[in-house]
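Here's a solo chain for you in structure tokens, the form predicted on its own.
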Amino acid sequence: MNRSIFTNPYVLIAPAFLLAAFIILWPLFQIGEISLSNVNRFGQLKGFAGLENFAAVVSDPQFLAAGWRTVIWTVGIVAGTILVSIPVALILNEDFYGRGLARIIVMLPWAVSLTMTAIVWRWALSGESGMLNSALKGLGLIDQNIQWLAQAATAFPVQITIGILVSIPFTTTIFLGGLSSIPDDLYEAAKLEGASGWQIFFSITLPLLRPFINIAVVMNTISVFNSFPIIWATTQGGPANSTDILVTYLYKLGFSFGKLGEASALSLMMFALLLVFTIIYVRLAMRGERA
């Protein structure tokens, strides 16, 4: 009897589940309490405030601008990463000389701190002595330096490009795992039937890779939505808040302006958005697989 209890899978995972629940739910409870209170700059609660902090955040024009920019930031990076990582994974999945070295080169940026990567890019994009301007001048493509990070027209697109580049290694790893799970017999049978490369890709590879694409979309969305280092290390949300997204706006609310109650309210709103997105997307993906 006792032995059957300890072999029950729910009993076995209960300690880890309770620990994870405590780590997640306790800070969530604390943030919820702060978001419903009047708070001074030192984090001291000064009484119940109701939904005042939420109303203050929603009524702030910077919140709406940062929210819309966050949508562009997240969709742009996730979509761009998926579109680039699939062909990269297909190439690295082929059997060619030096494939191991090629995989190491592609995966190597994943081991580097995202903050350090962003700092290196900030140096490379410097309007005065950056490597990008020097390279473009050497190729004869520009006559004068471009202030990549000092103007809104170029800063945000450049940051999205950086976000795509740093997301490729992780996403490619997911897709390589998916490609390795596809039986070779399917490809051999398709080739015997005279299927072209595009037909094989759209009829075999892409459908069987769909569960891994769903995983990549969800995980990249959560990561990119909360990604702080790239924008903060390159422009700190400038110039004139033109590259602020919700997470950098949240940081400024809490640590630059000392509005800890509003920052807590915004963090709960961001958590709710991610939770709703994940639930809806996973359900739609599961429904599509069943169909």
Partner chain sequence: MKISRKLKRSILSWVVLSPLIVAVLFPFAVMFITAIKPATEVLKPTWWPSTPQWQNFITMWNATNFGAALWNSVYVAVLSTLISVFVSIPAAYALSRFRFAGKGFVQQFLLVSQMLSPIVLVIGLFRLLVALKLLDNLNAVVFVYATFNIAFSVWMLQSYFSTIPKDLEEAAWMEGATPWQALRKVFLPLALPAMTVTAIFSFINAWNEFVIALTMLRNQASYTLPIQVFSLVAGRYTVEWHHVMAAAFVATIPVAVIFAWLQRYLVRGLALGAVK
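Since the model is a prediction, treat every value here as computed from it, not as a measurement. Numbering follows the first chain given and starts at 1.
From this point on, the text means the form predicted together with its partner chain, which you will not see here.
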Three residues, 58, 73 and 79; all within 4.5 Å of its partner chain in the predicted bound form via heavy atoms?
no
May I ask you to choose, among 140, 177, 194, 197, the residue with a heavy atom within 4.5 Å of its partner chain in the predicted bound form?
177
Considering its partner chain in the predicted bound form, which of 250, 224, 36, 66 comes within 4.5 Å of it through any heavy atom?
250
Please check if residue 280 has a heavy atom lying within 4.5 Å of any heavy atom of its partner chain in the predicted bound form.
no
Tell me, yes or no, whether residue 128 is in contact with its partner chain in the predicted bound form, where a contact means a heavy atom of each within 4.5 Å.
yes
Should residue 49 be counted as a contact of its partner chain in the predicted bound form, where contact means heavy atoms within 4.5 Å?
no
Contact of residue 103 with its partner chain in the predicted bound form (heavy atom, 4.5 Å):
yes
Along 101-129, which positions have a non-hydrogen atom within 4.5 Å of its partner chain in the predicted bound form?
101, 102, 103, 104, 105, 106, 107, 108, 109, 110, 111, 112, 113, 115, 116, 119, 120, 121, 123, 124, 128, 129
